[in-house]
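In the form predicted alone, a lone chain appears below as structure tokens.
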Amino acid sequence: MTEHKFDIYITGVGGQGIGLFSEALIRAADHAGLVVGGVDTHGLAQRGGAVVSHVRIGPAYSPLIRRGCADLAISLESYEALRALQEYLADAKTLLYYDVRWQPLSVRLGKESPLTDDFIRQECLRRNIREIRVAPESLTDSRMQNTVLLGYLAKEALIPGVKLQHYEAALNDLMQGSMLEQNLALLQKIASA
């Protein structure tokens, strides 16, 4: 049991597996012996809208993280990474995101400019935020992008007290058969690279 507080804001687009990803994080923290809780908000996820999870480690009176107070923001999509950065991540903390883009309708209609590679980087520099941009891996199944990010969490020790074996135990809880074997192999490959 810990008294240390650590808030993680997770976001992506409907269909990317944010619910499973946050469940894996919660179980990994639990396997590490930490007090942890979380809540998902789905909104218009079924129509390509944002899906958000709040995961709080340590004492918390609310399941939701206050805006501008997250210690770590994780995103499976670049536009949602920018939103997490601007709305929830505290200054001098860490942004981890998978650099794929699902263009919003306003960009597709030409009403807004597309997000550039440099825009997130400059915002992170301005606010002294550590940016970890994960370039797309050649995966046999795009749903394994979640496991790639779990591997970076383990490799970079981004969640205090949670180690590779805790992420492995979480995947063992949630998967079985060849799906488990493939995800464990990918997790270990990324974490040890």
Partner chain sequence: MKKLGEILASHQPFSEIVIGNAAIARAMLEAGVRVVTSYPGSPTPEIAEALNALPKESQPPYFEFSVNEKVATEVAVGASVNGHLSCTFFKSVGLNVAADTFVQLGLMELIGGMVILLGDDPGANSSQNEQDNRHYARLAYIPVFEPANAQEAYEMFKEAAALSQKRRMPVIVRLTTHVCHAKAKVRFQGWQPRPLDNTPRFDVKNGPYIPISASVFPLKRRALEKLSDVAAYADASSFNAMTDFQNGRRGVITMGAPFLSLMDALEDVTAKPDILKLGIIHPLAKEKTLAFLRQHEEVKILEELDDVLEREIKALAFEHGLPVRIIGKKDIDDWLGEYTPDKVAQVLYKTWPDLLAKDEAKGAPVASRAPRPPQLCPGCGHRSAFYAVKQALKESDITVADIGCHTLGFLPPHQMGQILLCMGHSSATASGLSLFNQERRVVAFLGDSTFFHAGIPGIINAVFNRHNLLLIIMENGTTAMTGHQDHPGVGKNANGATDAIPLRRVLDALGVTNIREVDAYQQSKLRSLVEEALLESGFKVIIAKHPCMLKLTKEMRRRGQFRGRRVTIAPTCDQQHACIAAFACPTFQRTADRQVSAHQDLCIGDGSCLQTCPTHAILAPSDSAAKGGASHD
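Numbering follows the first chain given and starts at 1. Computed from a predicted model, the values in this text were never measured in an experiment.
This next part talks about the form predicted together with its partner chain, which is not shown.
Asks: Is it the case that R130, even though its partner is missing from this view, gets within 4.5 Å of its partner chain in the predicted bound form, heavy atoms only?
Replies: Answer no; every heavy atom of R130 is more than 4.5 Å from its partner chain in the predicted bound form.
Asks: Please check if A60 has a heavy atom lying within 4.5 Å of any heavy atom of its partner chain in the predicted bound form.
Replies: Heavy-atom contact with its partner chain at 4.5 Å: present for A60.
Asks: Decide whether D118 counts as a contact residue for its partner chain in the predicted bound form under a heavy atom distance cut-off of 4.5 Å.
Replies: D118: no contact with its partner chain in the predicted bound form.
Asks: Would M175 sit within 4.5 Å of its partner chain in the predicted bound form, counting heavy atoms only?
Replies: Flag for M175 set to yes.
Asks: Within 92-128, which residues come within 4.5 Å of its partner chain in the predicted bound form, counting heavy atoms only?
Replies: If the 4.5 Å heavy-atom criterion is applied to its partner chain in the predicted bound form, 92-128 yields V100, R101, W102, Q103, P104, L105, S106, V107, R108, L109, G110, E112, S113, P114, L115.
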